[in-house]
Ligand SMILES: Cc1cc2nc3c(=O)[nH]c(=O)nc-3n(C[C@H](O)[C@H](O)[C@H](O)COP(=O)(O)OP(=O)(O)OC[C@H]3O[C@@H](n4cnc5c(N)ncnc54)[C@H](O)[C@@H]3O)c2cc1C
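Have a look below at one chain only, the form predicted alone, in structure tokens format.
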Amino acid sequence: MAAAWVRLCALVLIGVSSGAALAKDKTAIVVGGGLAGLTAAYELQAKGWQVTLLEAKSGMGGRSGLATSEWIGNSKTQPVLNQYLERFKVGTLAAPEFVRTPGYLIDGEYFSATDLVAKQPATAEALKRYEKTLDDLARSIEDPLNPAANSTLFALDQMNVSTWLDKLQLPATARQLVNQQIRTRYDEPSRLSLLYFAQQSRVYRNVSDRDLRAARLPGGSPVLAQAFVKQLKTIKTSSPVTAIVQDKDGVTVKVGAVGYQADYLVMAVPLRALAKIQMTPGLDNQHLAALKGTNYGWRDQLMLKFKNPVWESRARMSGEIFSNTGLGMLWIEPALKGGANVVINLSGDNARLLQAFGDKQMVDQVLIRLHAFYPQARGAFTGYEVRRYSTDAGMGGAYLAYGPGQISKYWRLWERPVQRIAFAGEHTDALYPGTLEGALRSGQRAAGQVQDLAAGKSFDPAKAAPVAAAAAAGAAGAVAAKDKGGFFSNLFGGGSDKAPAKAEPVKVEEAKQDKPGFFSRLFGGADKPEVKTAPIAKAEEVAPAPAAAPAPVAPAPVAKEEAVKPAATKPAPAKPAAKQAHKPAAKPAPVKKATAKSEPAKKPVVNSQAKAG
């Protein structure tokens, strides 16, 4: 009896040890140390995989920004984010009620939504009309995971948001606020696909601002990034990947002359960075076109430091504030010892125009504008920090913002593995791109796909929407919609029963009117002239609003490295992905640029979640 018991225990121990050995034999490399890559590495390691994380920069955290804290949603709106915060015991602070909805800075005067109704009823009514029309548009998309489900919706992808806004004929101030909100959350309205805008609005339809800005994460997303870093065993920073070779036995990743080998790979870098990595075998034409053509929203982030607040009512001037005077989206952060920090997001074409300017020049121009409204600003100013996503070669922008025609070509393309490579990153999440939630979700998905690949599961190649057929049907549908009126008459005619009128040509007088110098255009209130877009239909930006700007990332502690054998195989020369263009890829025939009027700011369906790290 005792001998039988000993034999049974021995068998159990053998089984456990062999299972552990099998788990130990499974190896994966994760490229990219943003929140998506960190999540994928963490989840694989938790399942017994040996994981090596390679990050090109000296610190971890990816596209984390400058703020000392940032908004996060509650567990209803950002369940994955909240699960990790709870797991890692990362504390949050409940957001004060008065800053849980956006505010507006109009010609230097701060307005809450309630103030706006009382003091500027015409602007408030225009914003309400914009939000209602946008909600109607969002309702037309039944499934946000399949936004181009029919020819009518497909036709929206060939349009841009700016053209749609022109049809609403909003008053100047309302249009300026709307433009600024869209520019901050996505990209320039003239560069943004109307279908993408509608799809994102559908995702957040009936989600309140209070749920999206329910709490603040002290220290911002870098705090969460560091919590992941502490869990990981093997991290190599300052290790830019130059080449990847796949074969039937595994993957070899080259960092300069050093090779790392593993069974599978998670690629968690922005598309601009991926385009610079040589891959063997090379990506197919559709993936290469997506690398070159997918639009990214542009953003520069400034934090201006003041020894004391110089604006009225510190309590009121707080939270997410949209300006009509070229100041972008502002975020007021209380600082220690009675000071205050103003975080400003310069986005869209404003950021593009400033790419050639130095940090100090850019800060000076913003200070000039602040000083005009708050004369004590110069005297209280103590310093600044700048984060420039737009000029970072590895980012080429801030986050995904599909341009006209791009959903039809690239929708969910990066959700499927290519041989032994799974892709992660905010740009690979169909529901929450550009957010912390989307980055974390994508890391979980990629880790699951690697496990599925190891278990023998195959993934069908990603298929693009039937572009030719849908385009023809879309054109016919658009004509039918035009003749029929109804939904699209209300949508593009601002509520009228008439069929949508043809886009009004830009008046020469308007183009010339108030066309002052460069900085007047950039920081002035007109907001009419827009930077010429690529030969694409104009598209407007609407990226989820950043929940307060992220904080700076401290360099991550590098965990002990595993020895990785140099690659045995010399990477065959592969076609490098086409260089990323900074402007949106050429889409359907260019649409005549309509005069940009100021856009309203508040948008119920807009994603206000924290931006992806």
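Residue positions are given as counts along the sequence shown, with the first one as 1. For clarity, every value in this text was computed on a predicted model and none was experimentally measured.
There is also a form predicted in complex with the named molecule; it is not shown, and the following applies to it.
Asks: Does Val31 make contact with the named molecule in the model of the complex, using a 4.5 Å heavy atom cut-off?
Replies: Yes, Val31 lies within 4.5 Å of the named molecule in the model of the complex.
Asks: Do Ile277 and the named molecule come within 4.5 Å of each other in the model of the complex, heavy atoms counted?
Replies: The answer is yes: Ile277 has a heavy atom within 4.5 Å of the named molecule.
Asks: Is there a heavy atom of Gln176 no more than 4.5 Å from a heavy atom of the named molecule in the model of the complex?
Replies: The answer is no: Gln176 has no heavy atom within 4.5 Å of the named molecule.
Asks: Check whether Val269 has any heavy atom within 4.5 Å of a heavy atom of the named molecule in the model of the complex, and answer yes or no.
Replies: Because a heavy atom of Val269 falls inside 4.5 Å of the named molecule in the model of the complex, the answer is yes.
Asks: The named molecule isn't shown here, but in the model of the complex, which of 240 to 248, 111 to 119, 84 to 92, 349 to 357 has heavy atoms within 4.5 Å of it?
Replies: Flagged stretch: 240 to 248.
Asks: Even though the named molecule is not shown here, does it sit in the model of the complex so that Leu54, Tyr399 and Thr435 each have a heavy atom within 4.5 Å?
Replies: So, yes: the whole triplet contacts the named molecule.
Asks: Name the residue from Ser323, Gln78, Thr294, Gln158 that puts a heavy atom within 4.5 Å of the named molecule in the model of the complex.
Replies: It is Gln78 that has a heavy atom within 4.5 Å of the partner.
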